[in-house]
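What follows is one chain in structure tokens, specifically the form predicted on its own.
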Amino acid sequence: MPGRRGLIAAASLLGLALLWAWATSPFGPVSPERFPSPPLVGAAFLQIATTGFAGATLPRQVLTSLGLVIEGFLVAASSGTALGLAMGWNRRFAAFVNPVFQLLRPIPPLAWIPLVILWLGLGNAAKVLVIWFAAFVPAVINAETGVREIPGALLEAARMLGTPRHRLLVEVVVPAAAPMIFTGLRLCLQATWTTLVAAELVGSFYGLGHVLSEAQQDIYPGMIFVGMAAIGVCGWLTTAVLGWVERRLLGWHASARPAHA
């Protein structure tokens, strides 16, 4: 039941908070200089929320990172999903593209930063490209897998009814592959947030990654924790929005899933 799951989640978070408070207390095993205590994190949050840190207050830092993540996600999701659908739909195209894709796929986003700076400088386009390298891959893989897993009988039935090829792709293939596509989009969104700090190393003046970098240089663990927590909350909220969109568009799929205790 949703209510029971909510209570369990709340109890889990409360237990974690109590453990954190005890571990960083004067009687606990962890020094606040290594891992900040709740009062130190609260003081850091109050500072960045009011007077600011690393050049701006928390809302400005969050909005800067959020805009970067949304832009990177939209570029990676649209291009990756389109390429994945094309690879799943056309085996010859997949055979042509796949060797290059498999060659680029293992390269970590951080490895691209020097080249990205040379290509695009230090603007937002460079940051979006770094995010794209990380978020593009899961969108491609899941879209291609979704097409490949469509039952052959479904496609044959559509062809027997005389469905033109372009309508077959739009009205049969894409809807049938949509659950896997959205799985790829969730992974794509997660990758944008996990790559955010690396992307904001490319000449950023604002953003949560910039906050983490400045706090690390200042040896300010409380502010590091605030930056990490802000990224976690923003990631959770954007994932919830994407889940809401998925439920609105794929209600039939959600209703077909087995219930979990």
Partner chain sequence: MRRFVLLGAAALGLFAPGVAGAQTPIKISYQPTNYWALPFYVATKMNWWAKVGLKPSFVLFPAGVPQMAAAAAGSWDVGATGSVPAVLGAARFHVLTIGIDNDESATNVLVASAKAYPGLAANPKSIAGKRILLTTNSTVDYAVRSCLAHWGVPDSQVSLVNLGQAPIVTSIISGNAELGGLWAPYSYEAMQKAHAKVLCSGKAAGVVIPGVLVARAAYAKAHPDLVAAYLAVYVHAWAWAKAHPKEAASMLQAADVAGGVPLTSFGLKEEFTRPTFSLQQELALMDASHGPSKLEQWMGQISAFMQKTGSLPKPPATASYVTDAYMKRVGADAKLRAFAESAN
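Positions refer to the first chain, counted from 1. The structure displayed is predicted, hence computed values, not measured ones.
The form predicted together with the partner chain exists for this protein as well; it is not shown, and the discussion that follows is about that form.
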query	finding
Segment that reaches the partner chain in the predicted complex - one of 63 to 71, 225 to 233, 212 to 220, 188 to 196, heavy atoms within 4.5 Å	212 to 220
In the predicted complex, the one of A82, V75, A125, I117 near the partner chain [non-hydrogen atom within 4.5 angstroms]	I117
Distance check, S37 to the partner chain in the predicted complex, heavy atom within 4.5 Å	no
The partner chain contact at G121 in the predicted complex, heavy atom, 4.5 Å	yes
Distance check, F205 to the partner chain in the predicted complex, heavy atom within 4.5 Å	yes
Contact of L201 with the partner chain in the predicted complex (heavy atom, 4.5 Å)	yes
